[in-house]
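One chain is shown next in structure tokens, namely the form predicted alone.
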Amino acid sequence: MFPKLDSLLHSELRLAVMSILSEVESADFTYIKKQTGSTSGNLSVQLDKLSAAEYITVEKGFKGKMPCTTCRITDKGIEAFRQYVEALRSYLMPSDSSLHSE
């Protein structure tokens, strides 16, 4: 039996955000938007969902007079992402070789 995939992370954009944030200390909204090719509105909605699940933190502030939103992955988010990747690997590389025999 395959493990359940975290439905929150089983979204292309949310998975991309988590992948980006797992590799950096923090990233601002503009960087994430550019890396994912997302629209501002869609990215905002997805960041809110990840933040509500406590997978990321979102800090709003200013760089000079310009608004700046900075995102960071949380320990809970790191663990959820790790488990998601591990579960996904089991779908891609089943350890039971009998699945491949006739």
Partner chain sequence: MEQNNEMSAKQSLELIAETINNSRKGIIRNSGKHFILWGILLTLFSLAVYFLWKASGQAMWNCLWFAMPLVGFPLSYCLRKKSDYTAPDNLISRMMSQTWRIFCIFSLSVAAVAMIIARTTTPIALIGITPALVLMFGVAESINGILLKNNVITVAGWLIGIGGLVIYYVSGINIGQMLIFTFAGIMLTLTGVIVKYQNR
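Numbering follows the first chain given and starts at 1. Just so it is clear, the model here is predicted, and its values are computed rather than measured.
Beyond what is shown, the protein has a form predicted in complex with the partner chain; the following relates to that form.
The partner chain is not shown here, and in the predicted bound form it never comes within 4.5 Å of any heavy atom of residue 48. Though the partner is left out of this view, residue 34 does reach within 4.5 Å of the partner chain in the predicted bound form, counting heavy atoms only. At the 4.5 Å threshold, heavy atoms of residue 83 stay clear of the partner chain in the predicted bound form, well away from it. Taking the partner from elsewhere, residue 57 is found to have every heavy atom lying beyond 4.5 Å of the partner chain in the predicted bound form. Taking the partner chain as positioned in the predicted bound form, the residues of 11-50 that bring a heavy atom within 4.5 Å of it are, in sequence order, 11, 12, 13, 14, 15, 16, 19, 20, 22, 23, 24, 25, 26, 27, 28, 30, 31, 34, 35, 36, 37, 38, 42, 46.
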